[in-house]
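Only one chain is shown below, in structure tokens, and it's the form predicted alone.
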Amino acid sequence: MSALAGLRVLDLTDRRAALCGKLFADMGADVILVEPPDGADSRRIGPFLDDRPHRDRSLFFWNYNLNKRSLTLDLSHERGIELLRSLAGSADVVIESFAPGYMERVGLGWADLHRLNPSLVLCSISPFGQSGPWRDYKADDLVLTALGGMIYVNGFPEEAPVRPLGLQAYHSGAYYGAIATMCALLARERDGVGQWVDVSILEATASAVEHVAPSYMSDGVVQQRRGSLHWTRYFRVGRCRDGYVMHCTLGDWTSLVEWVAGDGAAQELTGPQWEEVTYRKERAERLFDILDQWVRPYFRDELLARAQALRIPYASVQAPEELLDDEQLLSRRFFFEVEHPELGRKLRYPGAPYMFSATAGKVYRRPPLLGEHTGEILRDELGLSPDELAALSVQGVI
């Protein structure tokens, strides 16, 4: 049994919010990706399998659309809108990322959908939300991470800011969209009616930078770039002989300083004043400079094994390719082997970012080929005949 079995989701998103639908699909919801007949834009984003560009070989698309079904509909065609409205009549959730106002113009706005299906939850994810002076502005992930404060605090002091890895603004909006939609579904259990969830990716991004807004609102402090020094000042990345580790000055300080002193590298850290957590925080830069010098001769795994034995909360900083063989991820069965029968091979995918004890996420189907499920969805859900499907294909609706 899956956590969201029986839930029907229509996914009308592009790359900005594709993760939102995947979070539902991974937990067992039937997520139908509605894409134009020539395919979602994310199908044209590389890298591609074996460096062969094709709409059914995009690793980018596969990552965000595992477990979904694909339905092609031309929403610029009146018949395409009619078919989507029919599907929305029995759906639980619609997720969309069109420009504000588009859904209303084509007859799929909140008032239209709520009248059609009062229990439906509509989740709209856009750069700046559905209202306000910026609602019609365009912005990509780079702009949103900059406006949301992620870029400003990312990088080293006195150097240029650095864009965070990946699509973190888009992901922030997708996660908040999924959380808010689940809250709306819980409210529906109580009240019997759906809600319109309006997600601003900018606001989601700003709230995801854990220390920036609270520091300013509570203390009036504008946070600055500090390299790999965590804002709490208790963690920093250091380089050892063959890799990187995350230093930590919390936990058993006595064991740590005795270890460092035993290697003859403690310098002034053996002084009694360093036993105070606040003292260490205020002098974090000097403290971590000493620890950086100490770890340089160590092999990373050797250092981590000793730290764990002493109950000192050090961590390994791994390169992406190393994660495939990470002992912890393997023990949690984080990765899935997914069969691609049309390719005659299996590919490894990352799993969900969380584990439920009774209803763990799993692979229900590989990412869909373009329009792979169009016929079965329109036949099974709307009762269209083969002749009707053929006519829709000729007309370019599907």
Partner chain sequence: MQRRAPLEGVRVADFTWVVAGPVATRILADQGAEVIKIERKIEGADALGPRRTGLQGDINRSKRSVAINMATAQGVELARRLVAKSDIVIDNFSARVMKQWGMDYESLTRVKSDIICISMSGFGHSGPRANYVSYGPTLQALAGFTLMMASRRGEPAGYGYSYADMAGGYSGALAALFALWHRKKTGRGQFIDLSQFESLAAVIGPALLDSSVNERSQSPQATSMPEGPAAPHGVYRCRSLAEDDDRWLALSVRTHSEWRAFVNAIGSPAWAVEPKFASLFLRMRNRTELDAHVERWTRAHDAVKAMELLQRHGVAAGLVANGADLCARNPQLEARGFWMPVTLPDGSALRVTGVPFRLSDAPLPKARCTPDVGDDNDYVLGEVLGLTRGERDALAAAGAIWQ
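Numbering follows the first chain given and starts at 1. These figures come from a predicted structure and were not determined experimentally. Only the largest set of C-alpha atoms that superpose within 1.5 Å between the two forms is called the rigid core.
Below: the form predicted in complex with the partner chain, not depicted.
Should Ala88 be classed as touching the partner chain in the predicted bound form when contacts are defined as heavy atoms within 4.5 Å? No, no contact at 4.5 Å.
Even though the partner isn't displayed, in the predicted bound form is Ser131 close enough to the partner chain, meaning a heavy atom within 4.5 Å? Answer yes; at least one heavy atom of Ser131 falls within 4.5 Å of the partner chain in the predicted bound form.
4.5 Å heavy atom contact, Ala3 and the partner chain in the predicted bound form: Output for Ala3 is yes: heavy atoms within 4.5 Å of the partner chain.
Please determine whether Asp263 contacts the partner chain in the predicted bound form, using a 4.5 Å cut-off between heavy atoms. Taking the distances in the predicted bound form, the answer for Asp263 is no, it never comes within 4.5 Å of the partner chain.
State the residue from Leu83, Val94, Ala204, Leu256 whose non-hydrogen atoms include one within 4.5 Å of the partner chain in the predicted bound form. Selected residue: Ala204.
Since the chain is shown here on its own, which stretch among 264-272, 323-331, 282-290, 70-78 would lie within 4.5 Å of the partner chain in the predicted bound form, judged by heavy atoms? Of the options, only 323-331 has residues within 4.5 Å of the partner.
Going through 182-199, which residues have a heavy atom within 4.5 Å of the partner chain in the predicted bound form? Please give them in sequence order. Stretch hits, in order: Met182, Cys183, Ala184, Leu185, Leu186, Ala187, Arg188, Glu189, Arg190, Asp191, Val193, Gln195, Trp196, Val197, Asp198, Val199.
If the two forms are fitted on the core, does Pro341 show a Cα displacement reaching 2 angstroms between this form and the one not shown? Shift of 2 Å or more: no.
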